[in-house]
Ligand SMILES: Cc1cc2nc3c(=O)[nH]c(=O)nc-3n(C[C@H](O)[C@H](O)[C@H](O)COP(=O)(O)OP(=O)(O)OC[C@H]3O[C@@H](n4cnc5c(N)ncnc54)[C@H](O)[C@@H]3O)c2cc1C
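Below sits a lone chain in structure tokens, taken as the form predicted on its own.
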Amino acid sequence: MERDRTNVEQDRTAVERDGTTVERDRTIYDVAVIGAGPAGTQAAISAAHQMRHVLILDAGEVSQRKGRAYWSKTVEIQDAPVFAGVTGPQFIKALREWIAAHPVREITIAGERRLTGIEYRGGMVLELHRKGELFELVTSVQRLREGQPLTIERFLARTVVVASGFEDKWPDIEVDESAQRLYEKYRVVFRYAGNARGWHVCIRCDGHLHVDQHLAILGVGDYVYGAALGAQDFTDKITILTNGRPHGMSPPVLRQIQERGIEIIETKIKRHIGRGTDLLGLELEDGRELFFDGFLVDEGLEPNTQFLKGWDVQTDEEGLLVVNEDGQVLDTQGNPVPGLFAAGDIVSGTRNLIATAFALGQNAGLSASDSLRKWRWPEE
């Protein structure tokens, strides 16, 4: 099949493995989606439905970066349309099957041959650059092995949808400082994460599992009180654990916590008390053992946008991206960044729910596709 020159260009630095360069033709995608969770998957599907050629990059295939849905290992997801009642791993599998149902194929429109559909690749985007009118995505595409260099591929796209989400910060309980890989030093924590009887990160999603039960919330400052406010919909039995740090709460918040009878324990946590993958309680450094019915972590978040370093993009106080009504990322002056869109948990001011991610993904995918149209509204 003769290649459509609008979709391919020759590039001699496309693939770098073990210090060597492999020459090959490099496809120019219409839309590149960074992230393969609900927002990224929906963005890719929506763009493909508009006959765009889409690349979707899934960091979870080559690293330990995985979104909240994945960590819901035994907790059935209740707020996702169509997927209600599935667990995190089942949900991710369903998303992959949805992508696979839209393979890349050749079509002809008005005598022009082009490619449409979705190419799914495992890859963590390390850098994002402008290359003329295109975006270049510098991407690690193989699992990192100790002592081995990264395997890098460079992809080109006309537009980019950032749906990379964020990582929840986790408590330093039973940390293995010798582990070098992301998350491995928290492997004991993740043993209990995402189970019906374990660590939770979203009170809206999992609070219904602990109605009128005793809930422990780990965190500090006024930030953690947001979780306590949400927890009141399910229980009034709440204890805040700071893991050895001062509580850091402002006087008005502290006063309200005291009025609500919420205990604050500032002693450092030494270890988990569990059975199998069920978390039963926590042992403190002073020897006390505390047992709860549910455990919630609210330590803040880290946006997965390291690849945007050096870009003039607008973020909120947590580092989440600010977008307009079309899902287009804004710069610090409030102007849309050409060709750059965002969706899902990485977007500022949105609820971190799967249903919301689907809606934002569709909006960003359609907007990215629309931006590639040759015909536009006539100028007056």
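Computed from a predicted structure; not experimentally measured. Start at 1 and count along the sequence shown; that's the residue number.
Form predicted in complex with this ligand: not shown, discussed below.
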* To do: Would you check, heavy atoms only and a 4.5 Å threshold, whether L353 touches this ligand in the predicted complex?
  => yes
* To do: State yes or no: in the predicted complex, is some non-hydrogen atom of A368 no more than 4.5 angstroms from a non-hydrogen atom of this ligand?
  => no
* To do: Answer with yes or no whether G123 is in contact with this ligand in the predicted complex, where contact means some heavy atom within 4.5 Å.
  => yes
* Does A32 reach this ligand in the predicted complex if we count a contact as any heavy atom within 4.5 Å? -> no
* To do: Please state whether every one of the three residues A36, A59 and D79 places a non-hydrogen atom within 4.5 angstroms of this ligand in the predicted complex.
  => yes
* Would you mind picking out the stretch of 247 to 255, 276 to 284, 101 to 109, 204 to 212 that comes within 4.5 angstroms of this ligand in the predicted complex, counting non-hydrogen atoms? => 204 to 212
* Asked: Which pick from D293, D168, E136, D172 sits with a heavy atom within 4.5 Å of this ligand in the predicted complex?
  -> D168
* To do: Check each residue of 294 to 325 against this ligand in the predicted complex and list those with a heavy atom within 4.5 Å, in sequence order.
  => N304, F307
